[in-house]
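Here we start with a single chain on its own, the form predicted alone, put down as structure tokens.
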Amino acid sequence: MDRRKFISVGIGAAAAGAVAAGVKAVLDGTEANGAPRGGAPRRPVVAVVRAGSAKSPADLVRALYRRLVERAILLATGASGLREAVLGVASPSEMVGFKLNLLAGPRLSPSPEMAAALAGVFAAAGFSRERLVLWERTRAELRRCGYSQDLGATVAATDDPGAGYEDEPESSGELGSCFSRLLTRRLDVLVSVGVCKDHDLSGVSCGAKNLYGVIHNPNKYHDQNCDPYIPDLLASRPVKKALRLTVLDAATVQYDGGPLYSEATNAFFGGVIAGRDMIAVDSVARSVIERLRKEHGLKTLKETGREPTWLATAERRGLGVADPARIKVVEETV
């Protein structure tokens, strides 16, 4: 690392207080901030790691993404070493699926360089490429976003021959959906690999909303700002048993006009956001989006009628922590 410091991403007064109180304990290892496999810490850690030398997405080459991903996973897990951090998420004997969010196209999706860096971190911990799966709904989305090259992992789509969705729907709360057979039959571990963007219906679309891509009928679940449908999806058996980690490619932040790319309301951020608690990760990402909205003279998401109330619903159900005051945000520049 060239330099290390804590950077401000506008996480709000309450969250800033939590960071000030908790950061030293996180870095010193004086508190248990990791999670048992498949779970999340009581006060989850979210890592926000940015590239100080990068000025545009073009600067985020694979080697730089590798440094960002390594630091983010290490800080988010609180492990003493990178291999320990990865093995706290999954075992090399397990199949790990990195669910990508490629809906918006190459300018607002996890980049192949970032995905390759993430796969490389797992490979360095002893995972074979056959057990690492970069996965999206359709093969067309993968090709469109550049996932036809060798990225050190298997690339798969739900619409591939022999995959598809389960024949029978599975119920969870108000959700009734057929899940991708990649998740139900092939994968042991689910890693959500999203981006940091606002959404015209759910308020934000980061780690959790990305998982609408594992069901066959996501169009049915957008009423009421996706509340309670996103929590219902996270509580579903296929997702709950497999979800272990969330990693956001925050090269840029779409602070308005999402879920598709809009150049006028897209800001360079140059970072990676990661954590074991998906709700905590999305809460921090929401704070980044809200800060940028304020800087550009826009109303808050609540004022626009797009408050992501599903975050608080998920917290009430014990699916994660949404309250910024209860999240330890570790921020670093590399």
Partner chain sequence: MNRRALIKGSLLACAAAASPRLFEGRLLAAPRQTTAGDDEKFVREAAYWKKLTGTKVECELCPRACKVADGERGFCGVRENRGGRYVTLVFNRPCSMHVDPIEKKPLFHYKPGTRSFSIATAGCNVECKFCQNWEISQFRPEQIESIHQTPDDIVEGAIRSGSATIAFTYTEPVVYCEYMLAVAERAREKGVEGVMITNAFIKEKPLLDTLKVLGAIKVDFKGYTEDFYKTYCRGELKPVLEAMKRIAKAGTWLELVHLTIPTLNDDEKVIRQLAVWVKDNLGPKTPIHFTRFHPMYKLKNLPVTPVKTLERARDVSMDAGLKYVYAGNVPGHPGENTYCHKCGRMLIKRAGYIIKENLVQNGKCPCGEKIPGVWS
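Positions refer to the first chain, counted from 1. Keep in mind it's a predicted model, so treat the numbers as computed, not measured.
Unshown form predicted in complex with its partner chain; subsequent notes refer to it.
- Contact annotation: its partner chain lies within 4.5 Å of heavy atoms from the stretch 213-221 in the predicted bound form, the single such stretch among 70-78, 149-157, 213-221, 85-93.
- If you check its partner chain in the predicted bound form, you find no heavy atom from any of Gly270, Ala312 and Ala322 within 4.5 Å.
- Within 4.5 Å of any heavy atom of its partner chain in the predicted bound form lies no heavy atom of Gly105.
- Its partner chain in the predicted bound form comes within 4.5 Å of no heavy atom belonging to Lys99.
- A residue is said to contact a partner when one of its heavy atoms sits within 4.5 Å of a partner heavy atom; Ala235 fails this definition for its partner chain in the predicted bound form, lying far away.
- Although the partner is absent from this view, Asp167 contacts its partner chain in the predicted bound form, with a non-hydrogen atom inside 4.5 angstroms.
- Annotation for 228-247: the only interface residue with its partner chain in the predicted bound form is Tyr229 [heavy atom within 4.5 Å].
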